[in-house]
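To begin, one chain is listed below as structure tokens, in the form predicted on its own.
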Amino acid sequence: MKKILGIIGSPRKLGNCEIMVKEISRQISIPHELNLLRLQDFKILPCRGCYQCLYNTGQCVLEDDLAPVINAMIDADALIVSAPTYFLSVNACIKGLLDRGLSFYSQIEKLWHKPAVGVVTAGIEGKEGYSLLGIQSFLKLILAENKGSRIVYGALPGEVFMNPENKQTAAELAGALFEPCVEKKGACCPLCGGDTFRFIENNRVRCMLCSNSGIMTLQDGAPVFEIKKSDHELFLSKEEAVKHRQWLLGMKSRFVGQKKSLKKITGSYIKQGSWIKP
């Protein structure tokens, strides 16, 4: 029997995010058990950038609840992630977990391309801001395989299913979770499938999901994106993710080698400004 982990990035109990995860689970035809994890129930401290999770046992030195969250992700066969829109982006607990992403890179072999779907809720149609990009980034950067991500609308708890189309959305995500990825077509990044871009100048664009750049042209009135890989990728392939981990591991020796020069630069700023304390 499959194990599915529902990661809920909302503080509301039985809110739209929670019932959306449970509806997706209901419509998965494969026998499975659903385990649920509400991120705000866990104490996730800010990363302090010490890189210790990449060395030795791979355990973070901070004493909080990160380990049980990562272990639950490792133990699952697939993930369903949901989060609400707060001020035009996903709830901060999603980003808070993602900021501890160095710990994910110590577990690449166990987390790589775990099938996942994501859903974002928003109270006002068209006012979701970049929350969908936020959930897509979360799935990519925890090294999962994004089988589908959608946005649904509903503000009050339960309101999301006052629109029957949202149950159809749940059914589509449920059907995609254990199926092969469908190649995205149309106005999207050819490398990662992202559909959010920053427009720079002279038809140059940057994909906001994989952060690679290229150009946009119009063909028969429709945008076409030509995006090229950079020399340093984060998640486009397992080999590149491992290479990025090696780059991270090399930061320690880089710091030691340049410590005096770096200290000379930062030291000149020590006495500037007055700190406001809590």
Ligand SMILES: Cc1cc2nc3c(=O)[nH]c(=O)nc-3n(C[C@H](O)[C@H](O)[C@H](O)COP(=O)(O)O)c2cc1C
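Throughout, we count residues from 1 along the sequence that is shown. None of the values given here were measured: they were computed from a predicted structure.
Form predicted together with the ligand: not shown, discussed below.
This chain lacks the partner; the member of Ser106, Asn146, Ser137, Thr121 within 4.5 angstroms of the ligand in the predicted bound form by a non-hydrogen atom is Thr121. Annotation: in the predicted bound form, residues Cys17, Leu88 and Gly154 each come within 4.5 Å of the ligand through at least one heavy atom.
Using a 4.5 angstroms limit between non-hydrogen atoms, Pro84 touches the ligand in the predicted bound form. The ligand in the predicted bound form comes within 4.5 Å of no heavy atom belonging to Arg254. Proximity of Lys127 to the ligand in the predicted bound form falls within the 4.5 Å heavy atom cutoff. Stretch 154-162 is the contacting one of 201-209, 154-162, 188-196, 109-117, since its residues have non-hydrogen atoms within 4.5 Å of the ligand in the predicted bound form.
Contact annotation for 224-242: no residue has a non-hydrogen atom within 4.5 angstroms of the ligand in the predicted bound form.
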